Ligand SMILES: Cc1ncc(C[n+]2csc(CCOP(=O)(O)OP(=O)(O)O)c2C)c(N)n1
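The data below hold one chain only, encoded as structure tokens and taken in the form predicted on its own.
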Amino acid sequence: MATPVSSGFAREHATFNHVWAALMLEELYRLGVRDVVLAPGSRSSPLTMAASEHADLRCHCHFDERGLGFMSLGIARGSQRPVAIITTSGTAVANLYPAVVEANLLGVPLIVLSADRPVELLDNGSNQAIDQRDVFSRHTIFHHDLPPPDTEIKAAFLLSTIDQAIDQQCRTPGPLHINCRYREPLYPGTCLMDASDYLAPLGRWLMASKPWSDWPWGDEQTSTIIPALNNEWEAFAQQRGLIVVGSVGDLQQAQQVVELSKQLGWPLLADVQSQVRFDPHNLIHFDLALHDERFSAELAKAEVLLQFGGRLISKRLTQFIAQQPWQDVWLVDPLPQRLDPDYCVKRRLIASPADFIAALPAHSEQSPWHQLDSLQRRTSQLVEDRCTTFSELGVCHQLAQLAEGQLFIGNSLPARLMNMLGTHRQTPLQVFANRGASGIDGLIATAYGISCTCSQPTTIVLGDTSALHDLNSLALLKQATQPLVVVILNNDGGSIFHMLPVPKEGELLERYYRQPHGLGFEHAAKMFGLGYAAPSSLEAFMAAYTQALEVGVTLIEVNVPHQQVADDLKALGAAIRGEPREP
């Protein structure tokens, strides 16, 4: 353990390993880290003790490193701050890989502090020893392999290494990896060691609160420069335009996009990740309305496209965008990534929506050029008519209306259904999804991490296979301090494959794609101490969900036939296209 002094950094520590660990955690704190997530382990003991003894760091624990990585992802996304991850050596580190991949694609600032063996314990049969150098390959924005702590290596080296890593992370948001090699002893002995002489060259840092390096940090950094837009914008804005909103994390910034749409008189098509999907100004059911040739033809009158954020969920919308002969396409997103899968973008602006809109010249509000409202209302009425039964469509449609606080949407079918369905809302709803790699792993853990950053209820809606992938993370949910609801759409396997052009003959679809499992979640809820409900009607679901929003943690299992959602979507699409009902 470290012995604190009346003020400033402690001079006495359990071992010299602990000195280095404490220096690292203190510097990370000064650089903005407030949350540390830890898995159990022996080699990581110096880091674990340093984190637990830091008075201003919040520590979160999980026994499963795979879930731990996704919980960290959720905390970082919800808090909009970097989060440090501490693991022991070996496959514990490798289990973070899926979360690191997702963080890299979404630009989420994770800081992996992996404990490791010294080099003399590698390649000789030593226990729990693997080559951890650059284990995440090209999925981190910074990697450093630290030497074992040594009094001959200046403390300033360690602090400036941390500073360099965070500076890189500020410039290019994403995960970074610092591999920390420790020789024994890893645990405290009978007395503390005095590190005063070693720490003395740090001078004022020991009593200060600023990082070691005098570099620009966070908001002070001006790495994103928006070019002068006046001439280009005037020509762009005079044409018929369309605004599409993809993934935007900030509700206020997304609302500025809505106001820009009103001023320009351009239609707004907002993805469920946009934070304004349910805004009254958004063409709410555009994904389904694209089945209607009249709607598509009217939308196709747009000459230019202005898109905020990438990673659109709607395949019909992305196909529409790819097929249009645009005069010009601008894409605004703060991440320095291409985000242009169909290569339509002609001007890529690396900026937040707020910075981009603030740089635009003033312009008066224009009248809408389109006649889309009546066509959209026709589709909306058909959606309302088809979402009144107990089905995945009916449940997702109701969730979009009833959810409060935060909604985390699983990948595969739930993301697509929530993007299609719902109605306009007067109250805002913060929506999250892991749409970087769009994997089905770690979804429960990510949502739990997000819930840790909010004082409102959190709802998770995901499929049964996704829930099975992350079953261990149900253990986290009992720690929730606000109501948390897990809605599992159990259609017994990957029913999305009914809607994909996979081979349908023989047993191929069932055995190799859908893979039915025949499992339910009642006993899982009981095992992890969660409330449980399995409604059998839409009314019962609404009652169970409304009650679950009030208190505690509840798992609601929605059991539906595996073919139902494919049939329902097929029938809804046919109705929108004006095709006669099948007998």
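The model shown is predicted, which means the values in this text are computed figures rather than measured ones. Residue numbers run from 1 along the displayed sequence.
Below: the form predicted in complex with the ligand, not depicted.
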| query | finding |
| --- | --- |
| Segment that reaches the ligand in the predicted complex - one of 440-448, 127-135, 148-156, 393-401, heavy atoms within 4.5 Å | 440-448 |
| Every residue of 273, 277 and 309 near the ligand in the predicted complex, heavy atom within 4.5 Å | no |
| Of 179, 423, 412, 453, the one that lies within 4.5 Å of the ligand in the predicted complex (heavy atoms) | 412 |
| Answer option from 247, 114, 473, 495, heavy atom within 4.5 Å of the ligand in the predicted complex | 495 |
| 4.5 Å heavy atom contact, residue 287 to the ligand in the predicted complex | no |
| Interface membership of residue 267, the ligand in the predicted complex, 4.5 Å heavy atom rule | no |
| Non-hydrogen atom contact residue 464 with the ligand in the predicted complex at 4.5 angstroms | yes |
| 4.5 Å heavy atom contact, residue 491 and the ligand in the predicted complex | yes |
